[in-house]
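Only one chain is given next, in structure tokens, and it is the form predicted on its own.
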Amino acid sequence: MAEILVVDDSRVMREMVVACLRAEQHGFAHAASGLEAIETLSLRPFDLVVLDLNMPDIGGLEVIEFIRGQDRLRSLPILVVTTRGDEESRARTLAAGASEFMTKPFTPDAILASVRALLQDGVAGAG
């Protein structure tokens, strides 16, 4: 069972992500902002972060940069799920260190497949 941090300023979107992944019996924590995500990552280990880019305080790119700048978090898989579907956003996000990039709306099967792949890539448990 993996521990997953779901970060999105939309409560409904956080709940949708968890609902898509619930059958896998993972543990979940929620963060409603980039700042809350950074605080939560500092308190306990996670196996994966599902992260939105557009948040009111600290954006998703800054959260990725924080994660990649921390020795104990550097290899933590990050699945970015965002409304930004343009190629520039995708390229910037992946260059910053995201493991995978997915646009909203997503299908349950798509997010489930991405999470499974990221957790099986041998980087799970890095947090």
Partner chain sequence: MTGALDVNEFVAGYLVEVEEHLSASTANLLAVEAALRAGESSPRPIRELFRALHTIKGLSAMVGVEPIVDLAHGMETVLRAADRAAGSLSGSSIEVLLRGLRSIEERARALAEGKPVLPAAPELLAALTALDLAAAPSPPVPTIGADPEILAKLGPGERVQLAQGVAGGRRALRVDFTPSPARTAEGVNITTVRERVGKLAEIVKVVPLSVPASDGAPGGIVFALLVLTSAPDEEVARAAAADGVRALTVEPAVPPAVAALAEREPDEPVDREPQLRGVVRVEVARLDDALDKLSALVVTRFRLARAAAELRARGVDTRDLSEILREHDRTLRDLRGAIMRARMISVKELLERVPLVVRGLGRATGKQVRLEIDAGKAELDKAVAERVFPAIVHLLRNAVDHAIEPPAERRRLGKPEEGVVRVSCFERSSNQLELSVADDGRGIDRALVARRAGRPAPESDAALLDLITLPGLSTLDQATKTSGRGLGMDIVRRIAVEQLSGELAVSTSPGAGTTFTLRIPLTLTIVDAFSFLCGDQLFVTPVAGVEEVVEIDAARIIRGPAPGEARGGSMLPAAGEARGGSMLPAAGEARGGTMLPAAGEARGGTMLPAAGEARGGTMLIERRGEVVPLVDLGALFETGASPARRALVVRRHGAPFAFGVTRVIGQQEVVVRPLEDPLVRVPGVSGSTDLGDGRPTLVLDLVTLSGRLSAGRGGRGALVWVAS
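Note that the structure is predicted; figures quoted are calculated from it, not measured. Residue numbers count along the first chain shown, from 1.
What comes next is about the form predicted together with its partner chain, which does not appear here.
Remark: His26 does not count among the residues lining its partner chain in the predicted bound form, judged by a heavy atom distance of 4.5 Å or less. Heavy atoms of Ala117 never reach within 4.5 Å of its partner chain in the predicted bound form, leaving it off the interface.
Though the partner is left out of this view, Ile78 does not reach within 4.5 Å of its partner chain in the predicted bound form, counting heavy atoms only.
For the chain shown alone, Ala98 is not a contact residue for its partner chain in the predicted bound form, no non-hydrogen atom being within 4.5 angstroms. Taking a 4.5 Å heavy atom cutoff to its partner chain in the predicted bound form, the contacting residues in 97-113 are Lys104, Pro105, Phe106, Pro108, Asp109, Leu112.
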